[in-house]
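Shown below, as structure tokens, is a lone chain in the form predicted alone; questions about how it binds or moves come after it.
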Amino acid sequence: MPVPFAADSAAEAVSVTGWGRTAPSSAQVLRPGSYEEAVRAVRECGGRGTIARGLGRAYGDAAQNAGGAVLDMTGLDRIHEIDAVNGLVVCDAGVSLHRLMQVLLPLGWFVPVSPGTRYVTVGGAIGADIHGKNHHVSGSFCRHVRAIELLTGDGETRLVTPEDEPDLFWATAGGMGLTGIVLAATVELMPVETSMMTVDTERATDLDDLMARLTAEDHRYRYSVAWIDLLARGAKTGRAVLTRGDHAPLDALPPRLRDEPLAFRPGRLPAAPRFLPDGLLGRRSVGLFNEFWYRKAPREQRGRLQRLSSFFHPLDGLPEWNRIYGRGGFVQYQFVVGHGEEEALRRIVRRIGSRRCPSFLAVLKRFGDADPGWLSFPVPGWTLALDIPAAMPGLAAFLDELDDEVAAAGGRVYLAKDARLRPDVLARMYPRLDAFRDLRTRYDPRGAITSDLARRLGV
């Protein structure tokens, strides 16, 4: 558990892990309650350094620091200013997207980009440069960030903007927290009339059918995502359920919803049990689920009204859902390959199906233009994300093979979900890696800001 910050704190090291629960390490977890305490923590950290941590939704080891300190930034959770005319919010790094939605939706504003969970802090959203179902329209989160208050490893606090310090800003965007500790940010918002979504759903019979539908029609939708059945083989390989939509206008709501069109009331189920048997999500059980999920979806449905929380964050309704994979945890593997590399995507999907990887949380999306962040993940093309139980035999070697195939196709994997990539492959995937290392050294000559991910990958 995090303890209140104290410069001479002798708090015991505790085990820290990512959302996948696969690579725990021990660190002293401190919770600064002010910017001044965060500055002291960085200036006085020991030889193993420190790293910021939000709500722990990075799947791998990005917010871990074995033998050092981890700064739990959720104690910095103030919303400083809301410009409800121009759609701007200034808030601390520890404010979650969930809280922003609670506060901003009644005012007619929504976050510009949301991933599959709203339990992500603003600092984490910047560090991972998160993307959502609207990347083909809106890009990643940091395109909508106007300023960052950043505490760099030299102990200095800087106001960083894309105009005044573009190198530091775009290295921080997607830099996995390694350029410094985000203290606060100014974020541009998106206007909405309601908290409902207008949703179109349809089935795709195979991967080629799915890609054709996405290519032909994605420009008509703000949000687009496909659940894909990675256990399907033969003529059904890559069959999917495609879901696309946009924020519902006020006149699309039935009379019973017009009294409170911006109400935000996400439902929650009881948390997943603390202890679940390993092997619960095996090939047979996931295969049955996938068959049910595909057949349950309508062949074609247009204009259905759906609550915002159900459309964006269905898994948030089940707290601690990551425990359903058992004690061994799971690996989420996400990669992107560019337009023109569709055959590489087909090969990878066929290989996953041939290995019978039991993934029921698998999604395919199209990315739009590349983001300016030096280590930002999205590039124009196709991105596939899948969850796999970590105990699957031969998984490490299999994912190493997929890494090589992705790199050979000019693609990359998402660092916010990684806990096992090899450093030599990272350099092939991220061409600005050397420039990123040089910038880190410039602003953090003693290496005060570091993490398990940074040491593992040599970043």
Partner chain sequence: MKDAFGAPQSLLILGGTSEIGLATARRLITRRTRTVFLAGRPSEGLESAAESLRSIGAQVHTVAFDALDPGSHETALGKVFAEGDVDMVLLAFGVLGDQARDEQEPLAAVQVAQVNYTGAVSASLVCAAALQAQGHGSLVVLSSVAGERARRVNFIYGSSKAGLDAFCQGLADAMHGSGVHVMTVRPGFVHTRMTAGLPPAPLAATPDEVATAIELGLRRRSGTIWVPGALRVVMAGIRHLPRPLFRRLPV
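Nothing here was measured: the structure is a model prediction, and the numbers come from that model. Positions refer to the first chain, counted from 1.
Note that the form predicted together with the partner chain isn't included here; everything after this is about it.
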- request: Kindly confirm or deny that P24, A390 and D400 each have some heavy atom within 4.5 angstroms of the partner chain in the predicted bound form.
  value: yes
query: Counting only non-hydrogen atoms and a 4.5 angstroms cut-off, does R327 reach the partner chain in the predicted bound form?
result: yes
task: Would you check, heavy atoms only and a 4.5 Å threshold, whether V160 touches the partner chain in the predicted bound form?
output: no
message: Even though the partner isn't displayed, in the predicted bound form is I126 close enough to the partner chain, meaning a heavy atom within 4.5 Å?
response: no
- request: Would you please decide whether A408 lies within 4.5 angstroms of the partner chain in the predicted bound form, comparing each non-hydrogen atom pair?
  value: no
Sole residue of R422, R432, R40, R428 within 4.5 Å of the partner chain in the predicted bound form, by heavy atom: R422
task: Would you point out which of 50-58, 391-399, 29-37, 408-416 contains residues with a non-hydrogen atom within 4.5 Å of the partner chain in the predicted bound form?
output: 391-399
query: Though the partner is not shown here, which residues of 46-77 have a heavy atom within 4.5 Å of the partner chain in the predicted bound form?
result: R48, A66, G67
